[in-house]
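Here we start with a single chain on its own, the form predicted alone, put down as structure tokens.
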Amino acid sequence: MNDNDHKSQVSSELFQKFAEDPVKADLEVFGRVTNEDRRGFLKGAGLATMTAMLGAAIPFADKMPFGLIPVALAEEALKIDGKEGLISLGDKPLNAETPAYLLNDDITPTKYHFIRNHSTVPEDLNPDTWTLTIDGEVENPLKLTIAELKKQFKTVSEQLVIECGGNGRAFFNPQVKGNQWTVGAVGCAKWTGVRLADILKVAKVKKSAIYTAHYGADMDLADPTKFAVSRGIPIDKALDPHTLVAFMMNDAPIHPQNGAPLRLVVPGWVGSTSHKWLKRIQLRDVVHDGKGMTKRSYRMPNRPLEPGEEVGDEIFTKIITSMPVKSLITAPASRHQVTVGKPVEIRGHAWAGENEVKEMMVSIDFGASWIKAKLTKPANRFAWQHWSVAVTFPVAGYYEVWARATDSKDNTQPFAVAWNPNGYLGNAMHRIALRVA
């Protein structure tokens, strides 16, 4: 490992420590106990450590807030071939989100597609030797190579949204555990593969089958004999013509961090069902109970909770399926400066799980009034929809632009989402700040 690789690894680990518990991290890494404990920090090894990592002296170190990770270290935390601009939320396993302004393309470029892992990327990703097994409640079990999938089944390409169930978790109050995703754990790439329904037709699904079970080549970090995650979906969703077994992403091989050489894409549903590095789909006569399917994992409580309320696992009876209505402002970037009296195009995307977005509104006066945006139809079912609106700011000053989508079943994004202890399904309005000069 060269010096740059070592620095990147150290920075990534540091970033993860501060993301999980900034107070504890500040104490462990730099030796500071409180904001007032600067004298010892400035004279001791803590400042020397931070200075060495930054590669320069820190003139105003005495004013640095307690629990702060220098932005230069955060910016260096993620360097991966084929990826650009992603913000690391931790590297064991690697999870990284995309800043909203980098999601401005109609189709999400592979380099900007977020990363959500439960383990490390498997070592052997050879597409020539990779196989997919279909077994369980089927009359004709199958074991297919990728070449056989391409030869025996119709190849289809669709723009499909994949979103982490915890996207938006950072905005829950009080804070909840887990990766603190803001808005960038979502993407709409062009996926190419074959319909899972076509494969299951050849496998001849038994009437007893009610659920799938997904298994990949990613194994648990603590116990390599166990799967890192094993989700499943009801048989009706497996037979949906938009549920794909994909082998290409944006007309190229899938990026290793996004599931090469073979993955499921279960559009509109929580991203954990779209299993990466796919090796096996078992059909079961019961609801699947693999890792990520039981207790609180990817489940919602069966009643509203008071923020911060402590509850037992028994109330988490709702398995997360479809994602809620949501929208994103991708241009201009937050904190951008615009000119007073000159029209500014505000644009972004909107999506709504199993539904379609029917209306898109923006506000520049903190929700006192709303402006209707132009909204496109999706390129295909489960693709996100693009929206835009020209806005003129009347006087100079600080503004916030708020975005609010409404779906075909009249579900509208809230200002603040109802709290749950896992931080799932956060779909609060996206807000950006603009300076008008």
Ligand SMILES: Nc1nc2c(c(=O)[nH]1)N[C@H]1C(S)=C(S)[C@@H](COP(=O)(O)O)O[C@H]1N2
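Fair warning: this is a prediction, and the values are worked out from it, not measured in the lab. One-based numbering along the sequence shown.
Omitted here: the form predicted together with this ligand. The next part is about that form.
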Select, from the options 358 to 366, 116 to 124, 306 to 314, 132 to 140, the stretch whose residues sit within 4.5 angstroms of this ligand in the model of the complex by heavy atom distance. 116 to 124
State the residue from D240, D218, D91, D198 whose non-hydrogen atoms include one within 4.5 Å of this ligand in the model of the complex. D218
Quick check on this chain: which one of W351, F172, F247, W277 has a heavy atom within 4.5 Å of this ligand in the model of the complex? W277
Suppose contact means a heavy atom within 4.5 Å; in the model of the complex, does that hold for all of V229, N258 and G271 with this ligand? yes
So, Y298 and this ligand: in the model of the complex, are they within 4.5 Å at any heavy atom pair? yes
In the model of the complex, does C164 come within 4.5 Å of this ligand, counting heavy atoms only? yes
Considering non-hydrogen atoms and a 4.5 Å limit, does this ligand approach R263 in the model of the complex? yes
